[in-house]
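Encoded as C-alpha cells, the following chain is the form predicted alone, with no partner shown.
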Amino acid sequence: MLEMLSPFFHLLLFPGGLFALACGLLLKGVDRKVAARLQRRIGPPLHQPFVDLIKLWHKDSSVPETAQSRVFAWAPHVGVTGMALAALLIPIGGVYTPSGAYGDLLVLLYLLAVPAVALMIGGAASGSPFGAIGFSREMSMMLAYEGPLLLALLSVALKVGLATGGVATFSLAEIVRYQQAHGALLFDPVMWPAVVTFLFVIPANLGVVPFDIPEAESEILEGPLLEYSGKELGLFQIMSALKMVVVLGLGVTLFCPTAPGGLLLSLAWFIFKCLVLMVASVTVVRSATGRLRIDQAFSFYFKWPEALGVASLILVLTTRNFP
C-alpha cells in the first residue's frame, strides 16, 4: 500500500507539488527583491508572489467571446501538470532520488517544453491578435534555445556514460552517483562550455528579460496571457514557479548535485544552490539588460550558445579516455 502511495506523495507533496511550488514562489520573491536592490529600489517583500497568487485565486475568471473556451481554459492546466511531473524527476542530493520508472533526462527534456506549448495553445485559443503574436514569438524562442539545451544535456550524458564504460547515460540518478564518486562536473574544465551553454539557456527557458519577448508588456501587452484572469492566470503563475524550480534544479543536478549529508542540511544546500544559480543567471542579467528583439535573440542563440554546445561535445568526445 505504501509503495502505491509513494508516487502520489512525491508528485503532490515532495519534491513536486507543494514543496516545489513553495520553493518556486520563494525564489521568485528573492529574485524580485535582489533585482530591486541592484537597481537601488526597496522592492516588494519576499512573500509577495504568495500574496499575488492568493489574490488571483479569489478573483473571477473571464473568457473572451472570440476564444475557444475549452482550449483556453485547459491550457494552463496542461502547463501545471507538465511541470508537476517534471519536478518529480529532479533529484535532490542526499534527500531524494527519482525512481527509474518515473523517467530520465529525455523525458525531462520533453516535459520542459510543455509550458511553452501551453502558452502557445492558450494564446492561440484566446482570439486576441496579441496572443497570436505571442504564439509566433514563443515558437521562435523555442527553436532558438532548444538546440543549445539539447547539446548541453547530451554533453553531460556522454561524459558520464563514456566515463562509466558505456556510450551515453540519460539516467539522472546515474549522473548524480557519478558526481558523488568523482566530483562535481562544474569543476571539470572539459564541461565548462556545457555549463556556460546551460546558463545562457536558463533566462530564455524561464521567459525573463532579456528573453521575455513572447510576453513583452510594452509591445504586446503580455501576449498569450493578455486575456487570462483569475484562477487561470493563477495557474500560469503556478506553472512559472514550478518551472523555476525544475530548470534551476536540473542545472544543480547536471553540474553540482553533491550534498554535505543530513536530510535538512542537504535540502537547505539544494535550495541555496538553486538560489545562487538564479541570481547569477536570471536576476543579475535581467537587472543589467534590456529586452532584445526576437531576431536578435534568435541570432544570439544560433551563434554563441550553439557554438559552445558543439565545443562541449567535441571536448567530451576527444577526452573520453581521461575520465
Partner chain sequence: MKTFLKKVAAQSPWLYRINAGSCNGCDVELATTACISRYDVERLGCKYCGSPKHADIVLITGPMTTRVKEKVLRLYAEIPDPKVTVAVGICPISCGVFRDSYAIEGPIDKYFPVDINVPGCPPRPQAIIEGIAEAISVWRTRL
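Keep in mind it's a predicted model, so treat the numbers as computed, not measured. Residue numbers count along the first chain shown, from 1.
If you look for the form predicted together with the partner chain, you will not find it shown, but the lines that follow are about it.
Engineer: Could you work out which of 296, 62, 289, 69 is the residue within 4.5 angstroms of the partner chain in the predicted bound form, going by heavy atoms?
Structural biologist: None of the others qualify; the residue that does is 62.
Engineer: The chain here is shown without the partner chain. Which stretch in 79 to 87, 224 to 232, 202 to 210, 240 to 248 comes within 4.5 angstroms of it in the predicted bound form, by heavy atom distance?
Structural biologist: The contacting stretch is 224 to 232.
Engineer: Would you classify residue 51 as touching the partner chain in the predicted bound form, given a 4.5 Å non-hydrogen atom cut-off?
Structural biologist: Yes, contact at 4.5 Å.
Engineer: Residue-level contact is defined here as any heavy atom of the residue lying within 4.5 Å of the partner chain in the predicted bound form; does residue 45 satisfy this criterion?
Structural biologist: Taking the distances in the predicted bound form, the answer for residue 45 is yes, it comes within 4.5 Å of the partner chain.
Engineer: Report yes if any heavy atom of residue 259 sits within 4.5 Å of a heavy atom of the partner chain in the predicted bound form; otherwise report no.
Structural biologist: Looking in the predicted bound form, residue contacts with the partner chain do not include residue 259, since no heavy atom lies within 4.5 Å.
Engineer: Quick check on residue 277: any heavy atom within 4.5 Å of the partner chain in the predicted bound form?
Structural biologist: Contact with the partner chain, no.
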